[in-house]
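Coming up is one lone chain in structure tokens, specifically the form predicted alone.
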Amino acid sequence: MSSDPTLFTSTEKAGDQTRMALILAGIRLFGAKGYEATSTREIASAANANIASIAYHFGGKEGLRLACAQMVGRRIHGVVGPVLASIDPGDDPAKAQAAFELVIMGVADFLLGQAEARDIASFMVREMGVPGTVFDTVYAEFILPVHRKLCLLLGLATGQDPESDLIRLGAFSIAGQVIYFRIGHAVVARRMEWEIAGPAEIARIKTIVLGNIRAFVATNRKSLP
């Protein structure tokens, strides 16, 4: 993520720009190095800000960490939220499966195609392994509601209980594939002998993930009585 001032509109105040620059720098550095290993001096330097501005805007490093988590949650929710809100499959399993696929493909486009997603994914992976306020916030505000909606769709598509272990773990495993391709992009690119993961390469990844979704649904579809 960049703290490039061109990301901000002319109507935003300097203080707002500084606050956002600190959040973007925090997401990048916390994701790359971890919270404990990242100093406030490093964050301020990366954001081209005074170190005192962290305390001014966030009350300290922990407050910045929470603001970073909230920003990440809002950014990802901005990708999947509108799609999930617009979906109404009724009682149609085929529509539910199509909707589930649409959401996962949208997440893939974002995580694999947007430069900012590297920092977001790294931040999420680190923070989701550390119980505490940030974990609780991201889980409650983003992961739980989105995962429940995905489970509802996958449950309807298969005819299974949306809250069963099968469907809850299935939704995690499918979403986890996309996250791995983002986190492990360097490994994947080297093994596949790709110079870059451009649109053609991303399309190939999406085809594999889509096939895995359809295989999961076909394998676990409940037979009609």
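All residue numbers refer to positions in the sequence shown, first residue = 1. Just so you know, these numbers come straight off a predicted model, no measurement behind them.
Just so you know, the form predicted in complex with a further copy of the same chain exists too; it's not on screen, but the next bit is about it.
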_Just to confirm, with a 4.5 Å cut-off on non-hydrogen atoms, which of 70, 173, 50, 39 contacts a further copy of the same chain in the predicted bound form?_
173
*Is there a heavy atom of residue 180 lying 4.5 Å or less from a heavy atom of a further copy of the same chain in the predicted bound form?*
yes
*asked:* Taking any heavy atom pair closer than or equal to 4.5 Å as contact, tell me whether residue 195 reaches a further copy of the same chain in the predicted bound form.
replied: no
_Interface membership of residue 61, a further copy of the same chain in the predicted bound form, 4.5 Å heavy atom rule_ = no
*Counting only non-hydrogen atoms and a 4.5 angstroms cut-off, does residue 148 reach a further copy of the same chain in the predicted bound form?*
yes
*in the predicted bound form, which of the stretches 100-108, 70-78, 140-148, 85-93 has residues with heavy atoms within 4.5 Å of a further copy of the same chain?*
140-148
_Can you list, in sequence order, the residues from 149-173 that come within 4.5 Å of a further copy of the same chain in the predicted bound form, counting heavy atoms only?_
151, 163, 165, 166, 168, 169, 170, 172, 173
